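As a starting point, one isolated chain is supplied in structure tokens, in the form predicted alone.
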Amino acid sequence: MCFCSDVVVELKNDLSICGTLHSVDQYLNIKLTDISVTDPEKYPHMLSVKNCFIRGSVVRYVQLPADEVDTQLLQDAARKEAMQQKQ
């Protein structure tokens, strides 16, 4: 699945990586291209890395562009799930 949008992935070790989302799977394994780190002074070894694979188990948070998220769809799904749990 190819998405090709810019995201920020925060890892459990406090490293934040910005890049273009290439793919993601059901385990939250993520492939990013054209990456940069948000704190290059703290992680100078990451300056030469252009693409990366991130194992899903080390991901703390993924920041998506707000204009790419269908909030209405998410709200409808949450309401539907809440109604099913009440029954």
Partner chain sequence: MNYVPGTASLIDDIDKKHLVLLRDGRTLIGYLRSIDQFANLVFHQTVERIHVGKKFGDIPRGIFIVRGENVVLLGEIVSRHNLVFTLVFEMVRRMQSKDIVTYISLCPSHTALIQL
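Residue numbers count along the first chain shown, from 1. Quick caveat: nothing in here was measured; it's all calculated off a predicted structure.
Quick note: we don't show the form predicted in complex with the partner chain, though the next part is all about it.
With the partner removed from view, the residue among 18, 77, 11, 69 that has a non-hydrogen atom within 4.5 Å of the partner chain in the model of the complex turns out to be 11. At least one heavy atom of residue 29 is located within 4.5 Å of the partner chain in the model of the complex. At a distance threshold of 4.5 angstroms between non-hydrogen atoms, residue 62 is out of contact with the partner chain in the model of the complex. Contact between residue 51 and the partner chain in the model of the complex is found at the 4.5 Å heavy atom cutoff.
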